[in-house]
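Here you get one chain, nothing else, as structure tokens; it is the form predicted on its own.
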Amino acid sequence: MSQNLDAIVIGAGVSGLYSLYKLRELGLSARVFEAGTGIGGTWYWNRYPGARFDSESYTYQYSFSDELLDEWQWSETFAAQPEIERYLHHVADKFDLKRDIELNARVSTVYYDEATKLWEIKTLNGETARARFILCATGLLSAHQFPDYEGVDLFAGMSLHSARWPKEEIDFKGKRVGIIGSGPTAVQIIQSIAPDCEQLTVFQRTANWCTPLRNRPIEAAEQVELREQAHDIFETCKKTFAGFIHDTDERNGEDVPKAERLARYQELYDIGGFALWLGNYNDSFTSRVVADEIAEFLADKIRQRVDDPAMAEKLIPKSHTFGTKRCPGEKNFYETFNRDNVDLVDLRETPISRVTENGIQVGDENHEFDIIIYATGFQSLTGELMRIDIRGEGGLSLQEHWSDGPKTNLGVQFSGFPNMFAIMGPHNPATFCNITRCVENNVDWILGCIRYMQENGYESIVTTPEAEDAWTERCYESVKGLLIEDMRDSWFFGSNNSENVRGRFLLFAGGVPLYREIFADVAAKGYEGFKLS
């Protein structure tokens, strides 16, 4: 049965739920199509051991409802996945969102009908729907991937991917486990399951600069204080570079005496979370002297915490300096490698040859396992959009439109695709952002645009190719002068994506406050750079 709607939302995660709420506010009929069997997006799919926020819980929550803020209290500074999933269900139930969410409905095609100026979607479970507006709430790290090692499908034991973890509890007791990956997800899994495994072997592709999370329960008195300060906290997040409560020190580190700098690093290290990354000196993203000094500060911490000097050196990154990748938050991660049942294989020394029926072969050595865990990441930002057959004006596919790399205007629209919006697509500051803060910002702008169209009698909006080219180039320019410009092998540059995406900067690195200003300016000028008809 085909449905006729005003708007279709693809994805029922943090951005999809908020989009549905805001579309209803405008009086529009809308339906969300979700691939999973439950809502939650990231917090539905990523239910692996140790999964939790790296944003402070009270900064990640929605800000749009005082009633919601009154009703919900987070139990920990950095809440774990089960609590986050419960929160999102609470939100969906409170605002009666679930009646307009279609589960187990992965969208396979999205076609634009130029005669009717409507979009038509089809799902793998046979649903069809038509609507004037499409909001892609597909996330920035959604399109998970397995490595292209020979034999991945041959392993006779249990294979798990961190982003498709089963709902049933996995018993690691007495099991020989191999985990491939060493990013934030792998760090959380490793420190969580190591005590249970008979043997845990970590296949490290790239060591990362991990910082302590410093998670703790939120006491009753603090709960009252956090509720009273909730809107002040949200306002702080609007003003900081990445939408977190951590604000950059306005001084340049190179202008501060070294002893004072080192004391500051220790202070931020003790605070935990992203404090060391995002609350550091103003030049920590641009000065190699300062970044290298922070890196050496952390390297010394690793050497102090890991008993075996050779193991410690393997865990110290050699390929990048501090701050050029998102820092994994950890608790006793480095101490995990002091355990007799934990080993590390450095794949930069000897890469994986193949996956075998009974394990993983590295060089000539075969490591036998009962379970292999793939914490091998995603095709960032573009991946989930590119996996849908999206066709705009003239039947042009998004894959064809992006054949020379993704192009967007403001990170929300693509030329030739009228009335289609990407909430967390490429070319916005989402990767550097406290996600819900960016979600609310982006969705509010998109819905403000639709409201403007309603009030002024417009049926269609699409970015001009010229504005799209200009914004794409501005995103490329935004990384210049930053140390991350050299990190071409990171997912900021689409390192795991298709060949046409790799090597192109996929973010806007000008910061959240500037992005908000640009959004406001474009709207104030009647959506300059967009064609309204």
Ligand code: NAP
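For every residue, the number given is its place in the sequence shown, counted from 1. Here the structure is a predicted model, which means the values were calculated and not measured.
FYI, the form predicted together with the ligand isn't displayed, but the following is about it.
S.K.: Could you confirm whether T206 comes within 4.5 Å of the ligand in the model of the complex, counting heavy atoms only?
M.R.: Taking the distances in the model of the complex, the answer for T206 is yes, it comes within 4.5 Å of the ligand.
S.K.: Answer yes if any heavy atom of E468 is within 4.5 Å of a heavy atom of the ligand in the model of the complex; otherwise answer no.
M.R.: Outside the cut-off, so no.
S.K.: Do H231 and the ligand come within 4.5 Å of each other in the model of the complex, heavy atoms counted?
M.R.: Residue-level check for H231: no, no contact with the ligand.
S.K.: Given that the partner is absent here, does R339 sit within 4.5 Å of the ligand in the model of the complex, heavy atoms only?
M.R.: Contact check for R339: no, nothing within 4.5 Å of the ligand in the model of the complex.
S.K.: Counting any heavy atom within 4.5 Å as contact, can you tell me which stretch out of 319-327, 401-409, 436-444, 303-311 lines the ligand in the model of the complex?
M.R.: Of the options, only 319-327 has residues within 4.5 Å of the partner.
S.K.: Could you spot which one of T138, Q188, T382, Q413 gets a heavy atom to within 4.5 Å of the ligand in the model of the complex?
M.R.: Exactly one residue meets the criterion: Q188.
S.K.: Looking at Y44, F493, Y62, F53, which is the one with a non-hydrogen atom within 4.5 Å of the ligand in the model of the complex?
M.R.: Spelling it out, the residue with a heavy atom inside the cut-off is F53.
S.K.: What residues of 356-384, in sequence order, lie within 4.5 Å of the ligand in the model of the complex by heavy atom?
M.R.: A375, T376, G377, F378 sit within 4.5 Å of the partner.
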